[in-house]
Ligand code: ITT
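For reference, the chain that follows is the form predicted alone, supplied as structure tokens.
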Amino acid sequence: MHKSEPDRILFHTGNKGKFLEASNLMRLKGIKLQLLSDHSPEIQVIEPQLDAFQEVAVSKLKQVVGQLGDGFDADWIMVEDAGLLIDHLDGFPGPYSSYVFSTIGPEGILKLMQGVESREARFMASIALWDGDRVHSFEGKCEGIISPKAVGVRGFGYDPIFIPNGGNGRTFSEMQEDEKSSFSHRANALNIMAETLFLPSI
């Protein structure tokens, strides 16, 4: 059993784009998402070097919960780990997507894929949520391909080089936010979380 629905979920992330995307989607479901750093800026998390998104998310969540004081007993805490997996590169960059983005960026990925015909890839998102009693995990994914070039100005991260299946050949960065949410890995994971934990009791 988890505690009754909280007034808010505190999201630990340093990625403002990720927070805005998640909070806008949750707002539509009547769930208030707030940045944990607005309330506890001193929280520090060491990025674990693990091979699975779920393991990374749970590890970071446990680090966060371990640093929280008693003032957050009524809140739920959320951490997300997400990344891009490219079939031709044996799932690279995967859980190391954030580090790879900061070092070679999307243009570096495009160089690695230069001349490659098989461009299948997917975005994965894993959410770890602490409800005051236990940890819940939720995963979502979005299948697609790597674009031959970066296109579009919206979104963040690898959005300019990822074309989701069913998106009429457009990258995430070419889509409006609500349209991206109809495909995205993050939206899928958040929808599963909301459906699992916020349905009224029968």
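One-based numbering along the sequence shown. Just so it is clear, the structure is predicted and the values come from calculations on it, not from any experiment.
Missing here is the form predicted in complex with this ligand; even so, the following discussion is about that form.
_Answer option from Glu47, Glu177, Glu55, Glu143, heavy atom within 4.5 Å of this ligand in the model of the complex_ = After the contact test, the surviving option is Glu47.
*Would you check, heavy atoms only and a 4.5 Å threshold, whether Ala121 touches this ligand in the model of the complex?*
Answer no; every heavy atom of Ala121 is more than 4.5 Å from this ligand in the model of the complex.
*Does Lys60 reach this ligand in the model of the complex if we count a contact as any heavy atom within 4.5 Å?*
Answer yes; at least one heavy atom of Lys60 falls within 4.5 Å of this ligand in the model of the complex.
_Within 4.5 Å, heavy atoms only: does Asn24 come near this ligand in the model of the complex?_
Answer no; every heavy atom of Asn24 is more than 4.5 Å from this ligand in the model of the complex.
*Would you please decide whether Trp76 lies within 4.5 angstroms of this ligand in the model of the complex, comparing each non-hydrogen atom pair?*
Heavy-atom contact with this ligand at 4.5 Å: absent for Trp76.
*Counting only non-hydrogen atoms, which stretch in 64 to 72, 150 to 158, 133 to 141, 33 to 41 is within 4.5 Å of this ligand in the model of the complex?*
The contacting stretch here is 150 to 158.
*Counting only non-hydrogen atoms and a 4.5 Å cut-off, give the residues of 92 to 112 close to this ligand in the model of the complex.*
Contacting residues: Ser97, Ser98, Phe101.
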